[in-house]
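One chain is shown next in structure tokens, namely the form predicted alone.
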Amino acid sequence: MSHDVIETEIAVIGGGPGGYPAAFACADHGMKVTLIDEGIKPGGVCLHRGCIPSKALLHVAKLIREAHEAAEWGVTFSKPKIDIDKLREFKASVVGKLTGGVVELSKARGVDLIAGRAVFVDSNTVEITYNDKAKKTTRLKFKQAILATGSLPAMPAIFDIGDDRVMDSTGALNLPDIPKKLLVVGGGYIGLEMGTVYSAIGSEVTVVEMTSGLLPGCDRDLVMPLKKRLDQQFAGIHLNTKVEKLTASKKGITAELTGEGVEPQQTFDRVLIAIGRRPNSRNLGLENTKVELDDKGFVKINKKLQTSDPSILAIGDVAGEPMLAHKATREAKVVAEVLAGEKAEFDNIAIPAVVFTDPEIAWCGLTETQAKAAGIEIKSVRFPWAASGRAQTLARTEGVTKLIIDPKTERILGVGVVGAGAGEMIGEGVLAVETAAVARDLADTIHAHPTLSETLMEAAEAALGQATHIYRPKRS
């Protein structure tokens, strides 16, 4: 069978937050680049069905919560009316503007964009099936390929009952309706973020988590302020609880639950399965190359982001955890430098994680949980936001800023923040960890007053002795 054959220097497969920045960076280095993405427009899960649309909805949820809480400050609003069609339009407009921008930047950089699915024929060829009605195919020959196919929501067979009322994160972001009762299976960041959205717009939200705490992997003292707030917002949070079975009927989706103190059978209008994501490495023809996968389906790479196939590199979710958009974007810069022959490798030690709930939680570097598990000696310092002037003005004093410090060198090994706007603050923490800053560096840096960022300075001051706005008597 004959195929049309086109050629390029660099083929980038996947147009998400790893793929399109990699294509742009390679083009900036003077390479001929072809970017292949299954979507009509590039952007990947993050832009179309993840980070961006969820944050647009979370902003609306925050607005609704603040309008309700303003009564405590003497400002009262009428009960909000939710126009779900207009809400969908707002979310879609945000996505549309950003995807349009990616297309324009591709043109400006001379990157060839192909909307289609690429499958490896061999180590230097992919077959592309176009996203058109004819489903035309073309073969693309390349010198090097960057695999950036991302990840997709995990949906175990036990929950895949063929009913659209059982949703993954993509389905939940489409806002099909406002269910009266919503079950969220999974107490990780996706489940809690989407639970926050649906709770704000009127759903009774119940969260089920099979482990002993929300956000497994995050320090418990950072989770605690969020848990207290969600206990007030959600109808129920059930830890150490497992969903054994889902059954569909006209009345709704009935969940059979096992766990201490939980009603064993409950019926919901919709169920969101948010138990994690898996790498998108299947059905790509990787068996026709020398690329190797680990037992979880991640592509094996080295620090230069090279796979076991000399012609193929991999970045982003498909190449391993943490599965975060900003990690993929950093890897995109590195992979372009590697292909340009520069001395480069992915050596970042502080990859920030942010949970965009209310309050937000953000952390980077070493956590106290990790230090204890590894037997690493640390000094943990916490600055309570009740002592922050800015937090008081916002009536959001539940927050905490936390530093993980090497007790011998006073080097900052990790930073954690829980509180309003924590995600905007963690950048300073990342910089501190990446540059091997010591507590004195943070303490002696003048921070604007009154700001929440001052809590980083005062936490560092507390590590060195006494912070201005808290006093801890010295032990005799």
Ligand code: NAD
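On a predicted model such as this, the values are computed, not experimentally measured, just so you know. Numbering starts at 1 and runs along the sequence shown.
From this point on, the text means the form predicted together with the ligand, which you will not see here.
Of the candidate stretches 300-308, 211-219, 174-182, 258-266, only 211-219 has residues whose heavy atoms lie within 4.5 Å of the ligand in the predicted complex. In the predicted complex, none of the heavy atoms of residue 358 sits within 4.5 Å of a heavy atom of the ligand. Contact annotation: residue 159 falls within 4.5 Å of the ligand in the predicted complex, judged by heavy atom distances. Though the partner is left out of this view, residue 189 does reach within 4.5 Å of the ligand in the predicted complex, counting heavy atoms only. Under a 4.5 angstroms non-hydrogen atom cutoff, the ligand in the predicted complex has residue 324 among its neighbouring residues. The contact with the ligand in the predicted complex, taken as any heavy atom within 4.5 Å, belongs to 274 out of 140, 271, 205, 274. Proximity to the ligand in the predicted complex, defined as a heavy atom within 4.5 Å, holds among 197, 226, 354, 338 only for 354. Scanning 42-78 for heavy atoms within 4.5 Å of the ligand in the predicted complex gives just one residue, 55.
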